[in-house]
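Shown below, as structure tokens, is a lone chain in the form predicted alone; questions about how it binds or moves come after it.
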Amino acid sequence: MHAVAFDKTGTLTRGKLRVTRVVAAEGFDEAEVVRMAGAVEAGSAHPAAEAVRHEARRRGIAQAARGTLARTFTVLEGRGVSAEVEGRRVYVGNSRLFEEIGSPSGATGTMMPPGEDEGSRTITLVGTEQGIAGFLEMEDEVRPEAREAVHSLASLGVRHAVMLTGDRDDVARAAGESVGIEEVLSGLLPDDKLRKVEALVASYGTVAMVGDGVNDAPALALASVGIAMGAAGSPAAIETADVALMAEDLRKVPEAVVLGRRMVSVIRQNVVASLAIKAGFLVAAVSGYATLWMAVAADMGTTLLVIGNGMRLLKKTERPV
């Protein structure tokens, strides 16, 4: 394996977002912004949706039943979601979404305190085609083992690591820096991730893609090896991937590389040993020295040798450093 591509949310991070602040635009209040967002997100399984619903519960704000939004709920890939709420279509997503519907997102700048840097936070806008009602600020925690996993892959000779995410550039770069990934590509739609993985395969040959969401499924399918975060991953990602990490420990990725290399080595040893034994018996048979017991040894003995050598793979793989 020569290159690895990582998704961010739910892969390099825990994917358990929490709302840290709610900011309302002029003419709205925080409770209304949370209520609007909670009504739309009632139909979504995204980590951000769960964070919004949790915030609504914390504030004691009534939430719409999931079934009532089923017919109008729409997923806008890589941008956000929308649904009909009280007779109007409400959008929850990133700035690209609001630019597409003609509702300028620049108003968030006036809602932020002067000189305050958005840093590693995720900003989710809430509003309609007429304007932005406010935004919710969320934070996600980088997995503590992520940096160790990236370092271990580099020590194993993986020449290139890249982060592919639909998140904002500043948020993505902060996460990339914290785990030791230099190349960070942000603001990507599922098709953009697919094209990047395709380019990596063309450049490096063998590429692994690690992801967890439905947006990662096309890239997981195209990669040489698709690895899904199994416990919290979407069904689409798990079904598409070649490997599912049920323990959700990124250190299992370099361990899998080590195990894969050991397996290839054992297969080669078994093939060489089998051919050598068979060739030796053939020479003995042609020379007239072969016996029945030699034939049994060449057959069953080779089988037992191959099985015994293969069982060495059951030995626990040492974690790379």
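Predicted model only: the values in this text are computed from it and were never measured. Numbering starts at 1 and follows the sequence shown.
There is also a form predicted in complex with a small molecule; it is not shown, and the following applies to it.
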- In this chain shown alone, the residue from Ala149, Val81, Leu245, Ala133 with a heavy atom within 4.5 Å of the small molecule in the predicted complex is Val81
- Item | Contacting member of Val92, Val197, Val210, Ala237, with respect to the small molecule in the predicted complex [4.5 Å, heavy atom] | Val92
- Gly226 near the small molecule in the predicted complex, any heavy atom under 4.5 Å? no
- Query: Any of the heavy atoms of Gly166 lying within 4.5 Å of the small molecule in the predicted complex?
  - Reply: yes
- Does at least one non-hydrogen atom of His46 fall within 4.5 angstroms of the small molecule in the predicted complex? yes
- Choose from 247-255, 152-160, 166-174, 198-206 the stretch whose residues reach within 4.5 Å of the small molecule in the predicted complex, heavy atoms counted. 166-174
